[in-house]
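This document opens with one chain alone, in structure tokens, the form predicted alone.
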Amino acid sequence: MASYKIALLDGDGIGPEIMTEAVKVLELVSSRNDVEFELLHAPFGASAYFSHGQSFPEETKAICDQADAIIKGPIGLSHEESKKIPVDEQPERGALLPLRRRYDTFANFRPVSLPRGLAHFSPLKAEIIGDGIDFIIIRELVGGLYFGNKETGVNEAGKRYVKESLEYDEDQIARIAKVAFETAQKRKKVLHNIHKSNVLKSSVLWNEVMEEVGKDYPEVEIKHILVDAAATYLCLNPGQFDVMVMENMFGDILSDQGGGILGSLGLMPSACMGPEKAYYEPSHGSAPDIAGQGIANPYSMIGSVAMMLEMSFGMEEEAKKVWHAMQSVFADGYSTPDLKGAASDAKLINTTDFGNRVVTALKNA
């Protein structure tokens, strides 16, 4: 029997609520397959700072180090609550970026998938959605502006200033390019490379390396598109995209726009892959305004479990069944109150009920 250790970082806000539903799915998958999951909970984020004095405590690092994969809940607090935490320990700086750096999770996969039966969630017109939306954004996750040198101070004129560096080298670009081309090769063999080379020299180098790596994938057509144009086309004609690749900040922004196309980031799980370890997480935030109310949809968290089953443990068929089970709950007319794109006649249920219905559907799959 295969055995895997999974670190569970519940996070903040609605994180513990939706993590509970993800665990139900993991327990079912384990019970009906020749696999054992050892689930290791660990503090992470703002809640960890208040309980342990650090957003990414040493004990959590030790648990993550020994884990075969990591599932991370959303982190963060409201703007006012965040002020209670020192700037460098606020969850994004003190926990999230160090997590990415520690495991070099350079490749972020964010699928933007909306079957035709769930089109009512999207704010886009039916004629734009067509038969559904299905593309994937691949974002370089450990370089660029977010990880460059940062400097603040007061200049000679007595003015406060800030300086942040956008840095990439050719090796960083080449390895995310290979991931993108390999993904495109398995799908429709079209890769959209998103850049801003008419302004940024970093994009000039990025495009050069993309073209160089592309020579090893002659079956894949590469299409270069400016990031601002890509943002427009995502709204006007998302069906033209299949695999998109981009640098860190562009990916942060456009992948959230992808959530907007779906109607909610609550419908968008993600995977963050490194050379030896990966972590999986919902793309949405911790939603502190609805925490504890039992109305948050666990779709993105359970979807992240599905991605982990496929990408870390090779359980592709079981992953497909999880996706189908989640979508079948919506197809049966159920939704949670937080999803504002729910059909007007949707039967509203709470977080626990949604998770239970996913498990029931999965048992019958």
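Predicted, not measured: the structure shown is a model, and the values here were computed from it. Numbering starts at 1 and follows the sequence shown.
From this point on, the text means the form predicted in complex with 3-isopropylmalic acid, which you will not see here.
For Glu164, no non-hydrogen atom is located within 4.5 Å of 3-isopropylmalic acid in the predicted complex, even though that partner is not displayed. When 3-isopropylmalic acid is considered in the predicted complex, Arg110 lines it closely, a heavy atom lying within 4.5 Å. Contact check for Ser283: a heavy atom falls within 4.5 Å of 3-isopropylmalic acid in the predicted complex. In the predicted complex, 3-isopropylmalic acid lies within 4.5 Å of some heavy atom of Tyr146. Of the candidate stretches 88-96, 194-202, 218-226, 168-176, only 88-96 has residues whose heavy atoms lie within 4.5 Å of 3-isopropylmalic acid in the predicted complex. Shown without its partner, the chain has Asp252 as the single residue in segment 233-265 with a non-hydrogen atom within 4.5 angstroms of 3-isopropylmalic acid in the predicted complex.
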